[in-house]
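Next come structure tokens for two forms of one protein chain, structure 1 first, structure 2 second.
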Structure 1
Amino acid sequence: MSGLDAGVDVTGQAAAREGFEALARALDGLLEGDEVYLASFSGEDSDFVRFNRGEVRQAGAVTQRTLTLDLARGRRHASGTLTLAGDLEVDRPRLARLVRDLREALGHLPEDPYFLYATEPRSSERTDAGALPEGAAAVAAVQAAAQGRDLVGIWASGAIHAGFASSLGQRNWYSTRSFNLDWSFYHRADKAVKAGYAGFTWDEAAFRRKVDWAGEQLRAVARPARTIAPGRYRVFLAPAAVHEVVSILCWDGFGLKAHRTKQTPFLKLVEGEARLDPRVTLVEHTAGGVAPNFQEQGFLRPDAVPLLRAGGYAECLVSPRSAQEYGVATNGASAGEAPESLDLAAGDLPQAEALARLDRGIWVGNLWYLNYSDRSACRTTGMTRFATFWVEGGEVVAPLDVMRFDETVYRMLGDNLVALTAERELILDANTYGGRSTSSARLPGALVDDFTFTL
């Protein structure tokens, strides 16, 4: 592809960094007496191109800058979030007004017994320039890849920025330039193949391999479909499907607050009434992910926090607020106490042997729309989606019509877990709610017996 902007700071990473420093200096000058501020900055300069049937549905760009300011006097504090222009002359008076408003609010607020912030400044910086295609070149590449096929999906690219500053002198800065092409090839109705290509440096050959793989899968999807009756089946969950299972567990599964208020789906595991397979080890692996390693009260995250170890519950993610409430140390979790850089340990099943080991059953390419159907029992429901196949004798026989499952994780990753693959896949989250996600997960596939389909 022509039009690579390798190494060129075309979207203003340096300018964003300088703007953040200028904001912090401006805030330093606005404080009175013994006031303290904590400031979290986020921003992005993104291109978004949406495709349907290989053609462009919507194309555009988003530039946004947001600052959340927490103003504190002792244990009293008040916070406000402001969308910034990115021009200090415009933003300075708005910041001053925000500080005045928060100072006025402090007079009406009680002391917060759970307020905790980093008091020993630990500054950090991470900047990755990346090498991304220019927008028009990306559109041309995607449309060329479609080659008359029914391609639907989204191209997202550009810079993502995050920063933390405090009046104690701490400065943390994160800026990356990345792309995420999340797409599907459709055969007809709901028969399709899902694929993705994401990273920091565009590699035409890697993209072609992804497209060729999806094209091969599409040919298999085009075979006559098979419908199965509800029941229990041996399944192979591809890494994307395992990702969906692990993602639902992040909903209250690993936070200290959910743990202490008994809302965690792992309640039976914690209470010793259930156990996962000893091969299941899950880590919040910040050092191996792509997310910032600091959070909104200025705490840095350790390189790794074990969440599940050898099938048992290991540690919780602890936000500063929960740390203060429950009297334990924080490990740099954000307020939601959800993992952002998941790492599920590999097993010993060679990926190349997965079909043969499955022998007769269902190859599940993706799962979708999971939710708890009995949270206390860690039972989840959800659907198969995209390329999911009926397999006999270790060979793909037919695409499967979508099926609903309802199954406890204790069976899925416990009693009925046959194997995890030796190879793992790095999945860069394509979500763009509010802004482009920096979450990721590195996961194996899973071979599971007696997986319960219900509808």
Structure 2
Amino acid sequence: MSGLDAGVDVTGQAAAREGFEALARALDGLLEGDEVYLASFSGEDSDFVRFNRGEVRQAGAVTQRTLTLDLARGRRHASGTLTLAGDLEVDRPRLARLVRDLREALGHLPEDPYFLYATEPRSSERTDAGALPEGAAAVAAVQAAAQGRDLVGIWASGAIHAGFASSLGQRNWYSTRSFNLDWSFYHRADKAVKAGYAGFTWDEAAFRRKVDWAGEQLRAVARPARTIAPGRYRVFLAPAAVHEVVSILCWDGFGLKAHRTKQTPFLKLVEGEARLDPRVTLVEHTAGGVAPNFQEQGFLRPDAVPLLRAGGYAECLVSPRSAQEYGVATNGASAGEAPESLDLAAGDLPQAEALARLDRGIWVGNLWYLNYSDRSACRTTGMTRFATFWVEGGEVVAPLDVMRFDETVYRMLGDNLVALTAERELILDANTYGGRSTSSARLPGALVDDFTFTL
């Protein structure tokens, strides 16, 4: 591929920051008395391309900016959000109206006993330009990858911005550029191969490896499907499947409030009744993700917060509200206290040897429809999806029809964990509702014994 635009959008990133700073200066002049404001800015400059049968079906660009304002007086506070025009002369009077509306609301609101915001200003700046392909080059690469196959998917790339400002003088800015190609090679009916390639710097060789592997799976998917009986099987969970398992653990798995109210699915782990394999170490790695390193009350996030360490529970994510309620220090978690930049430590199994080590069993490319079947036991259930294969002698024999699993994480990532791959995959959330998601995960694949399929 030719045409990497590394650094080309730095001017656009600078313009976004200047617009944010101008809004903060305007807010500084709108306060009265002992009022305090907390302002959170978000925005993106994104290109999107939708593909079907390897051809462009829709292409476009999105530029959007929003500002969420929390106006406080003591422990009373009210918030509202503006979609910005990007023109200060247009946005300034709209911002003034929002401040007046919030000021009026404050007189009718009770005090919030758990309201907490950063009172010691700690400003920060992070701008990453990345090395993304130009739009035409990205389209050409995807079309070349299709090579007559039915490739369907979406390309998203560009800059994501976030900012925080307070009347106490704090200013935080974050802007990063990334790309995400979420695609499938479709065969027929429910038979397809799903793949993805995402990151901050385009690597043509890495992309070709993903395309070649997806092509191999597509040829295997075309074989007659096989149905096997429910039971326990040796499985290899590809990184995308591991991502689904780890993602469900984020449902109250790591937040302080869920722990204090005993709603966490890791209750047995926390209370010493169960452990995971010592090779399992999971970190909220903000420094390596797409999410900003600060949150909406102005607290900075550490580069890394260990969540699971050597098979045991490490630390909770603590939002300002939980910090205030339970009398502990916050570590910059957002209100939901869910990880946004997951990082599961690698193992020592070379990816190239995964099929051979699996030997006889099931290769699981993807999982979906996950839920808890027994939350207190950290037991999950879900369905296989897309490329799932029966393997014998380290070779793919046939695609498998859809199956349901029901298994505890203590077995998957504990007693029955055989190995984690040495290579890991960066997975960026492809969600674009309201804006491109900033959730990410870097994960290995997992070889697991006695994995339970119920139908």
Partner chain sequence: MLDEIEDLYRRTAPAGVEATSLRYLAERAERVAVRQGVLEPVARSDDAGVMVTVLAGGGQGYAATSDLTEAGLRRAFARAKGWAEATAGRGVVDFARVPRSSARAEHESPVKTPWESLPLPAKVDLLRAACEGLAADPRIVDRWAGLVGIDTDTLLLTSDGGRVRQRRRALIPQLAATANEGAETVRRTFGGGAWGRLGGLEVLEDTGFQAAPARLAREALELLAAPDCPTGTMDLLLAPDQMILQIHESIGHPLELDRILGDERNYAGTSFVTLDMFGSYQYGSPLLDVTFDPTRAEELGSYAFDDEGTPATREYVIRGGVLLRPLGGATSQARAGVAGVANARATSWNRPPIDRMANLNLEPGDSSLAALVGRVERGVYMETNCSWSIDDSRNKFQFGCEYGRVIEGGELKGVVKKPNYRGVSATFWRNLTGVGDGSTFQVHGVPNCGKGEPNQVIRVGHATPACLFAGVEVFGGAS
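By convention here, residues take numbers in order along the sequence of structure 1, the first being 1. Everything quoted here is computed from the prediction, not taken from an experiment. Throughout, rigid core stands for the largest set of C-alpha atoms superposing within 1.5 Å between the two forms.
The form predicted in complex with its partner chain corresponds to structure 1; structure 2 is the other form. Core-superposed comparison between structures 1 and 2: the C-alpha position of R209 differs by no less than 2 Å.
When two forms of a protein are overlaid on their rigid core, residues whose CA moves 2 Å or more are considered shifted, and E32 is not one of them between structures 1 and 2. Once both forms are fitted on their rigid core, the CA atom of G361 lies less than 2 Å apart between structures 1 and 2.
Superposed on the core, the two forms differ at G60, whose C-alpha moves 3.2 Å between structures 1 and 2.
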